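Take a look at this one chain, the form predicted on its own, written out in structure tokens.
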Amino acid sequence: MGKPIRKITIVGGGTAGWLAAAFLNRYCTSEDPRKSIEITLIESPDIPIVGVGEASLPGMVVLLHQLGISESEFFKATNATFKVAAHFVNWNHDRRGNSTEFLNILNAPPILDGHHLADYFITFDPARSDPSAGMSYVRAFSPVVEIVKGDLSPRAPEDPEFSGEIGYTYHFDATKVAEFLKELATRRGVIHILDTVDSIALDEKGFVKSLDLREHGEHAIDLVVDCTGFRGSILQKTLGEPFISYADHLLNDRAAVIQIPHNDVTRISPATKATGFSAGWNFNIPLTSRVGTGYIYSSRFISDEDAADELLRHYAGQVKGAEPRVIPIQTGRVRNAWVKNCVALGLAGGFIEPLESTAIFMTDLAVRWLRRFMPTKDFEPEFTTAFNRQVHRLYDEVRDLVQLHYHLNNRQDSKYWRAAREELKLSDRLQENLSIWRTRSPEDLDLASTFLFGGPVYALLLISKGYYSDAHLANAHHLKRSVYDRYRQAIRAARANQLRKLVPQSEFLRGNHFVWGERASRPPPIPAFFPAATKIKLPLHPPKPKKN
């Protein structure tokens, strides 16, 4: 057995770099200093943070809990707000050509009498044929539609942190999150070097031997984590690992981004809004202090100038003097995220447009896998192979779900939307599943992986897109209408109580309603992390943050 790794060097800051640093510092240290791994992060003083991803998935809630960070601390430092759903508008049209809407939410539907709730809805609920079928389906098992429409907080003022029956996550200022994690990580022992990497030396086997730093000289390497963003300075440029484009699956290659003030500070939405534009879509992410927004689009169908104009017109009155910043994006991934003694995380490893707010969680998941497959200095190839296999599956999983949003659009008013539906390549697995799902609802077993998106997520998307508007499921004769009717009656009776204690999110944030709860002095063990579950049950009481 080889000698243990004693040093991990992360090159590049930003959210990806500091998330990795904070997590590895938390889980790769030991009570015996001789067995701990030294974590060093090197970032250039001259390269700005891209700041991709101001919304997250429920894994962020688990991450904060595991790092011992209170929600109160996090919200204050990052201008955070609650998120309970992604709200899609103008991705499909009704028969009159009017925009429709639907939600992708963070709570899972129940199983009724051994069958999926989606099966009952598709079989017995007349709303399945309506343009608002997706909203009706969500109402059948969750109060999130009412929460989004009412701009409510998913947590009641008296609820302890990290609690509540409504699944939630956060919107936040990505730059402030990076600064917050930097302060946390360095306070807990991560070494921070502010310097420029002028060159990278390889050994006779092609492994990264050392970094030549402009001010600090040679920096020896055991294991290096490439968090240099789209540049891919180490894995791609130095080690020559090729990039696999997803351009055959996804059209968008540009992002025009701006920051704007709230239109009404008393209404802060708990949803990330994704509105279909002429050649892409607009994201709207409400923070406490501002709104982050932008246009994700394809340069094949619109120029940068016209895209900026369309974005500014959409927010007329809120964008005085604003000038969108255009960022070229390349959708895809590196062939292998781990090569020799270099692991790429974040944008250095790949990028898929932020339609489902996956970027930060994909980094979170990858750094957990790195910890799980931590090698010795022999760099066992089995560990590298296993890690890369997981990353390949993760990227393909996200690609397929994002592409399905486009493939199932029915818009006829734009060449872009017709091309997204008709011209792009679907993966073999997705093509096969779309045939299977004509006569039954999606299940996890249909999917190659469910790190983020399981069968219930696909079922909600298909229902919302009208896929089952005139369907007859193969198992329909096994379902009992009486079971569905009793369930709906119980849900209607419980709905008012679910909403009774909730207040508008703006009121919750102004009141700073963050409390630890009476058992906070005796925190439970840190909960296990289940990456296969999109719907993560929130722990009731978090551990108190460390005071160093």
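One-based numbering along the sequence shown. Please read all numbers here as calculations on a predicted model, not as lab measurements.
Separately, the form predicted together with a small molecule exists; it is not shown, and the next lines address it.
Considering the small molecule in the predicted complex, the lone stretch of 343-351, 408-416, 155-163, 312-320 in range is 343-351 [heavy atom distance within 4.5 Å]. Although the partner is absent here, M374 lies well away from the small molecule in the predicted complex, with no heavy atom inside 4.5 Å. At the 4.5 Å threshold, heavy atoms of F230 reach the small molecule in the predicted complex. Contact annotation for D195: at least one heavy atom lies within 4.5 Å of the small molecule in the predicted complex. Interface membership of N104, defined by any non-hydrogen atom within 4.5 Å of the small molecule in the predicted complex, is ruled out. A heavy atom within 4.5 Å of the small molecule in the predicted complex is found for exactly one of V225, I360, L235, V84: I360.
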